[in-house]
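Given next, in structure tokens, is a single chain: the form predicted alone.
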Amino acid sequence: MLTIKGNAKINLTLDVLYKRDDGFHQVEMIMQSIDLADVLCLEERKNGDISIATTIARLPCDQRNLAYRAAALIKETFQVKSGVHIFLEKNIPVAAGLAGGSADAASVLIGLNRLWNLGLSTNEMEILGAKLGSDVPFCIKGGTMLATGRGELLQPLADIKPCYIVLAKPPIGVSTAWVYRQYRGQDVKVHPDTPGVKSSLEQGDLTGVAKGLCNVLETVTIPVHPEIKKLKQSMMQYGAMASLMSGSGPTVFGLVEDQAKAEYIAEKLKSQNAAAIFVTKTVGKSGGV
């Protein structure tokens, strides 16, 4: 039995540069690991079967689940005779823009590499992960990263100055594929200053990072789900340094300097709307805040 954590992510910046010939969008984004995490227990099965059980009844436990697909991919690629049973304690909200499915897939690749003694390097696992989804390589590496290509090409950045994150997930799901299909770059007036945010990270300037938060996909998701804008405004009203939608949404996060203020903002939000509220913190490459 092997237990492994899969951390969620937020996007400090997200820019869409153009649509590629392969149908994907060329992106440039700064991604950040946070301490909200799913927990996966992997148990080897000699009969060769792959099975999944989860704490969320509506979550599929077959090929529709990225964790299942990750196990099938690594088993097939390396002709492993053993199977695995995966128990998934789901703490990251589903369809939330937090890379929950990708985090699970990354955890399965990392865990089965250990469980089956495959000896894969991080880079080799990233290459496998990119076949499953654009966020999987980041979830394997974690920390603070510049992601380009379709999100799978990673460049390590200076860790963000440790801070707290308040998350608010409205009771809606958003399809990433739908958001990208609806995206119209010509309508976007403000794009992220990615070099500026990178510079603030290098200087340990959390205020500079907060000022640079920007996600062009808000132009698609917010008009359809105006509650996202209201959550952003509420976070700022109650004292967050900055607030932004993560990924394709609908989750909104706020950067907060200290735990007491983060807890205060969370309590205020809980009393006023139906969103699921979490207080968490940033995770550096070392795996801690």
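Note that residue numbering follows the sequence shown and begins at 1. Worth saying up front: this structure is predicted, and the values here are computed from it rather than measured.
Not pictured, yet referred to below: the form predicted in complex with ligand ATP.
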{"item": "The unique member of G151, G97, G212, G111 whose heavy atoms fall within 4.5 Å of ligand ATP in the predicted bound form", "value": "G97"}
{"item": "Option touching ligand ATP, based on a heavy atom within 4.5 Å in the predicted bound form, out of M241, I222, L66, I50", "value": "L66"}
{"item": "Close approach of K90 to ligand ATP in the predicted bound form, 4.5 Å, heavy atom", "value": "yes"}
{"item": "In the predicted bound form, T176 touching ligand ATP (heavy atom, 4.5 Å)", "value": "yes"}
{"item": "Distance check, L59 to ligand ATP in the predicted bound form, heavy atom within 4.5 Å", "value": "yes"}
{"item": "Heavy atom of S248 within 4.5 Å of ligand ATP in the predicted bound form", "value": "yes"}
{"item": "Stretch from 115-123, 82-90, 190-198, 154-162 whose residues place a heavy atom within 4.5 Å of ligand ATP in the predicted bound form", "value": "82-90"}
{"item": "Ligand ATP in the predicted bound form - contacting residues of 99-130, heavy atom within 4.5 Å", "value": "A99, G100, G101, S102, D104"}
